[in-house]
Every structure is written in C-alpha cells, then in structure tokens.
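What follows is a single chain, given as structure tokens, in the form predicted alone.
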Amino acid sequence: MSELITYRPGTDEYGYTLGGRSPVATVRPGDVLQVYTEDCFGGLVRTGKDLPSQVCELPFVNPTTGPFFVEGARPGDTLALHFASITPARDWGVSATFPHFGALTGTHNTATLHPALEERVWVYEIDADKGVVRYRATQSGHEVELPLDPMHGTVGLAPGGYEARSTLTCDAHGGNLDTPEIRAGVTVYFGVNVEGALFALGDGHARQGEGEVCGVAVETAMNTTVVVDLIPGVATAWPRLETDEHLLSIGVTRPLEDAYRIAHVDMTEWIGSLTGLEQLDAYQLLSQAGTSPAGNVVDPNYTMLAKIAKRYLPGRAEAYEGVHARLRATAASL
C-alpha cells in the first residue's frame, strides 16, 4: 500500500553533493513524496543589494532536499520519478549575473583577457494566480510578464563507485541538469547506481530559458509532490523523460556537441527498442521529426536533449511498460 510522506528539511539538513550522504528517509515504490526545496542561494539573496558573492559561501550553494532511500532499488534497476506538482513556495524569485560565470563571458574553462561581467541581481515578482513572473530591467523602466513555468534544475541519484558529486554539476546520474523539461506532468527515469538509489532534488526555477544562458534562472523555493516507482532489472544509461506526448533523452558532457550526440544516440536506440525500427530507419525518423532543447550551457558539464513526439512512432509500444501512464493516474487521484 502506498504511503504519503512529507519532508521539510531543517536549515542544517540540506545536501550539497549527490552521493556521500546518509538518507533522510526511506520510501517504497508507489509512495508519494511531498517536499520543500530551497532556492540555489539558500534563500539568502532577497534584494538587489544581496550580492551572492557577499551573502553566500561556497560550497554551500545549490542545496538539495534528500537523499531518499528507495526500498528494493539496486544497481541495474531504473528509478522513475513522476512530478505530480511543482509550486513556488514564495511570491518572489531572483536571478543574477556573476564575474567569470555564464555562457557569454570568459570562465575558468574558457579563458579570455576580457573584463569580468558585473555581479548584479534581478528580483522577480511571482504571480501564481495570474501564472506569470514579472521581469524588471535594472537600468531602465522596461517591464514584461513572462509565463510562470515551474521546474527543478537539480534532480539526481547517487553516482556509482562511492563517488560524491557536487550538486553544481551533472552527469549520467543526473544532478544540475537545468532543463525546463523537468516540470509537472513529467516522469524522469534514472539508472540506479547504488543500493537504495539515494535520490535528491532542489534548485527550483519559476521559469528558465533554454540554455540558462547567464547561468541563473528565476530561482525560488518550491513545494513539490513526486510519485516514486522502481523498474527492477532494467538499466537506463542516461537520464530520460516522458510526457503524455513526448519522449526525451538527456546527454551530459563537454563539449556541447558531444552532449548532443549522447542524447541522440540514446534516443535512436530507445526508438529502436520500443518500436522495432532498424537503427538507420530510427536515425532517419529522429533526424526529421526530432527537436533538440538545450538544458544548461554554463555548468562544468553541459546538457542537451533529444525530443520526439510519440505520435510519429509506429505501433503502440509503451516505454518501461507504461510506467508514466500509471504514475500519471496516481498523480491525478491525489
């Protein structure tokens, strides 16, 4: 019988790595988890005067809630997390620019002689009733309403080999993927690397453009409901997503074109395994019907996705034997 589990971390209970931490709670496949997550600045950046470099301390940024031990999960299994709801816990969010951070500036990995960007903070009003966030320019009177589109930038499992990886980066275990595709109604699939899976989440974004080009979305705290399930004996090499209408594969690495290749190789193989299409036929279909949303192009590793609409695929094969539809029904009954 499934159980509803509610967890809100204390101020000293957030995690800053995936792996290397003891679980905060145990859940079973079928359980529903309601959690609170803090924003990437730990709630310390509230006004334009709160420069992150002055109020935050590395490495205590990008906190996650968890990890959660999944009963029965073992290496070689696949963990399924269905996001039933993701709701901003505040009526405000913040974004920022930093020296030597972001896609359009010199960084540690992309060294230049150009001056560093100014550190600056933008404060956004979140109007949940209207379904918008309000951008206000800092150097003029320009204002514009943008659609509210809550998502989680960081979701992942403990990596294998007793590793502990910073929540600021991402890899095959998930992590700071920063893709707007991880929103309510989506099921995320991860390959399990350690007993119990040990998954955690955080880094809520009220909205984010593809690529997260400046490196910071509209960061805010979230109240999130997740339905947990386990697919025993089925391995998943790279994170995958499923919606009612689409399948998505995630590739993570540097350079960006190799992240693109990982995602599209995985999707080509996924299409073939689901439909029986021969490899080059699947490759051709993805080439003409697929899209390639960008996740992040600013973190230590980059994130690219391969996305295809289910309606273009032959037959009625269901990914992971219909897990998404089953979890979607559970979410609808909550």
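Owing to the predicted nature of the structure, the values given are computational and were not obtained by experimental measurement. Just count from 1 along the sequence shown to find any residue number.
One more form of this protein, predicted in complex with another copy of the chain, exists but is not displayed; see below.
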Check your understanding: Taking 4.5 angstroms as the cut-off for heavy atoms, does residue 311 touch another copy of the chain in the predicted complex?
Key -> yes
Point to revise | Contact test in the predicted complex: residue 183 vs another copy of the chain, heavy atoms, 4.5 Å | key: no
Exercise for review: Report yes if any heavy atom of residue 283 sits within 4.5 Å of a heavy atom of another copy of the chain in the predicted complex; otherwise report no.
Suggested key: yes
Review point. Quick one: is residue 163 in contact with another copy of the chain in the predicted complex, heavy atoms, 4.5 Å cut-off?
Key: yes
Check your understanding: another copy of the chain isn't shown here, but in the predicted complex which of 194, 241, 96, 231 has a heavy atom within 4.5 Å of it?
Key -> 96
Revision key, fill the gap. Picking from 304, 27, 45, 35, the single residue whose non-hydrogen atoms come within 4.5 angstroms of another copy of the chain in the predicted complex is 304
Review point. Among 116-124, 184-192, 222-230, 75-83, which stretch has residues whose heavy atoms lie within 4.5 Å of another copy of the chain in the predicted complex?
Key: 116-124
Check your understanding: Each of 40, 55 and 152 near another copy of the chain in the predicted complex, meaning some heavy atom within 4.5 Å?
Key -> no
Review point. Can you name the residues of 49-70 that have a heavy atom within 4.5 Å of another copy of the chain in the predicted complex?
Key: 59, 60
